[in-house]
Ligand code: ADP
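Next up: just one chain, as structure tokens, the form predicted alone.
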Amino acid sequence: MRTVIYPGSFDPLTNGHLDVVQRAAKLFDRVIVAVAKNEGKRPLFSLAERRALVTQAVKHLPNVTADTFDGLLVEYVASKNAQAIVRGLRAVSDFEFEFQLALMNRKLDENIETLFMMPKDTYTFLSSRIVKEIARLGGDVRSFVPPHVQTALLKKLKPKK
């Protein structure tokens, strides 16, 4: 079974992320969307919340599951018997950082390949950070995230009374 890991913070999952997942699901027997525990980024959503948002977004894809991980990505990939990591590239500016990560992962485990996928051109400007900022400022994010993610964002960012 050909398995790929799609790692990320997914804080929150965007339609750009979902586009990469859907296309990876056509290429691999199994796709695991691996939500990273990265408290250094001070996520808006907890690890459990992010996993739940991803799980709901991919439930229509029978060969896609959501999971969480902490630690070295290559160790997680090996523990899932996966052959590859898929990473989304939105723009040339993403490439240098992603290229360095891919080379380091190859150095740590030469059996794991990294594949780069570009989202649809309509999503190349999207990032979780921008979506959170738009939502925080009261903007409409419905065309950038799945409906349940928009609901979760509005609930999370609603001013406390």
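Predicted model, so just to flag it, every value in this text is computed and none were measured. For every residue, the number given is its place in the sequence shown, counted from 1.
From this point on, the text means the form predicted together with adenosine-5'-diphosphate, which you will not see here.
- Contact annotation: G16 falls within 4.5 Å of adenosine-5'-diphosphate in the predicted complex, judged by heavy atom distances.
- Although the partner is absent here, F99 sits far enough away that none of its heavy atoms falls within 4.5 Å of adenosine-5'-diphosphate in the predicted complex.
- In the predicted complex, adenosine-5'-diphosphate sits within 4.5 Å of a heavy atom belonging to R90.
- Using a 4.5 angstroms threshold between heavy atoms, D94 counts as touching adenosine-5'-diphosphate in the predicted complex.
- Among L126, L53, V64, A135, the residue placing a heavy atom within 4.5 Å of adenosine-5'-diphosphate in the predicted complex is L126.
- Site residues V20, K41 and P119 are all in contact with adenosine-5'-diphosphate in the predicted complex, judged by any heavy atom within 4.5 Å.
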